[in-house]
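Have a look below at one chain only, the form predicted alone, in structure tokens format.
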């Protein structure tokens, strides 16, 4: 686990709700649980949970509470060797109640027991609560007596002032392709706990099958709480809009042309962090609202962000080189503030802009953008997508464009599907047979063979997706209009899934706090269905 030191974290007290108490409460709960396990410990994490955990608690703080070794689920031989060398007997696992995580943890415990000559004590900190899956699989492996199971009430990870995430990246696949609804109850429980902390939501709107089910679960939980439940509007949450990811497949499948969107496309932003290679090795940089340069540029069109960075750097350098001797005290004080908040971050963003420019100049990016633009205009770009496949474009990029094609056109024509499927498997490997099957099962047009028409949206957020206005944004805007969803019933009916509304109190204007099971882009959306390393 990498330490968060040096990676500036958001303050979490400047958004629509103060999320600092959420982060601090979860940190304290985790540390208290670790303190119940006496002695020196090793902490084993799910492979994709190290970054979220670093936003909650620093590695140095974990060491103060007895954690001396860090590991990830997978091959336990390296950790077993370290446990022997350092004579550590306590092994703690922090994991979600997902089938894959529990299965990997069972195998990891068995391997550590087999490879270590000294007896070990195991504890599982299960997020957010212990369900029957964990003890059942441990009992089947003959390990139930060797593992202590402790519920760990961690759910929301604050990523920024107005963004919280459950960091469950596989929920979409589990619900749509695997038919596993367990994550819906987990989401409802997390939203209920959010209301316990900040007050009951006055009005809940839901669009999509899963969203309507979660809204129903929230209503049932609210009734079960009775008079002990939180008061409506107790701390400022006045409305909630729940939306299935399948309602708007088009938006994540497209390439964002904002500065932050292109950074995610080309370098990958994980939990508000980007990892860059340097002479000293890999270095993690925070990209969030604590970065004065990123605050100004993240939502700008890429070229506008580049222009702003260059102009800001030029202004600061001119003041430093020419005006510092003639400036008055107030001007010098302003320059020091500018130096601290922006100049220190300018070199990082200058480097990021240069790397972006190189990526955007590649022929592959231009070709993908041309296909996207044609699809958003309603064109039949299937031959162009096949050309990209035949000329060596990556599997994820081709699948992403195929998914966008299906969302726009209602599916690949039946006469073309069999040939495309054969050529795709011959090009990228037959391990993707399961990928294609999962996408077919997934949701509402992803590689479906039926022909039909996709939903349309009115484009005016012009710079975000090169003229395409995200459909999910349109749904939210309609929900907050004077007539609500009542004025767009026909349009909503054309979108996947049912619609529901649950009123728990008054309606008042509010700011936005975005809560998600996991931040998604077109790249991550497709990779969720692909085999590891595919």
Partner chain sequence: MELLDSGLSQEDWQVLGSEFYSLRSLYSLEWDKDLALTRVFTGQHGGPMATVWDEAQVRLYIGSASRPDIHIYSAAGRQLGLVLWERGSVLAAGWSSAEELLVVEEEGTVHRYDVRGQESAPPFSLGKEAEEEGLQLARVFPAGVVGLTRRGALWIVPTLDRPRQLRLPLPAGANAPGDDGGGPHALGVRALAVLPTPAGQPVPSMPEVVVALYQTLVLVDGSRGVPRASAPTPGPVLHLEASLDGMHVAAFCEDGSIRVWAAEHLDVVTSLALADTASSLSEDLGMETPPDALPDALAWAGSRALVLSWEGVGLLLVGLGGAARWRAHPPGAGPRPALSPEPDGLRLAGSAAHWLLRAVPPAQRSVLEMGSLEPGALLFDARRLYEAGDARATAELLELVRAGTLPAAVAACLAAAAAELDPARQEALLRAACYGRAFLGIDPALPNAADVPGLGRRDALEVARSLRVLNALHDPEVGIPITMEQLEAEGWEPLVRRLVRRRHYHLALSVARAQGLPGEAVLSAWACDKVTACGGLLGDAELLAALKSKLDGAGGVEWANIASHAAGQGRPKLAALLLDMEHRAHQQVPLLLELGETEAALGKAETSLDADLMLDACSALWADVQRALATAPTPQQSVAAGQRFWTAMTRHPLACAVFLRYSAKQDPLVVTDVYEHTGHPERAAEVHLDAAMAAAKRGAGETAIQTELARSRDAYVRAQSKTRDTRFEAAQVTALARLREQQLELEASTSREGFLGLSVTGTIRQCHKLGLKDAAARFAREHKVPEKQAQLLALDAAAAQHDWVGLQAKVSRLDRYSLLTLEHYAHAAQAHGAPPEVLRWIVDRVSGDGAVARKA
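Positions refer to the first chain, counted from 1. Being a predicted model, the structure only gives us computed values, none of them experimental.
Quick note: we don't show the form predicted in complex with the partner chain, though the next part is all about it.
Just one of 354, 377, 224, 84 comes within 4.5 Å of the partner chain in the predicted bound form, counting any heavy atom, and that one is 224. When you look in the predicted bound form, the only residue of 77, 310, 426, 317 with a non-hydrogen atom within 4.5 Å of the partner chain is 426. At a distance threshold of 4.5 angstroms between non-hydrogen atoms, residue 182 is in contact with the partner chain in the predicted bound form. The partner chain in the predicted bound form is approached by residue 213, whose closest heavy atom lies within 4.5 angstroms of it. The closest non-hydrogen atom of residue 60 lies beyond 4.5 Å of the partner chain in the predicted bound form.
Interface membership of residue 175, defined by any non-hydrogen atom within 4.5 Å of the partner chain in the predicted bound form, is confirmed. Residues with any non-hydrogen atom within 4.5 angstroms of the partner chain in the predicted bound form fall in just one of 108-116, 142-150, 255-263, 296-304: 142-150. Looking at 102-124, the residues that come within 4.5 Å of the partner chain in the predicted bound form, counting any heavy atom, are 103, 121, 122.
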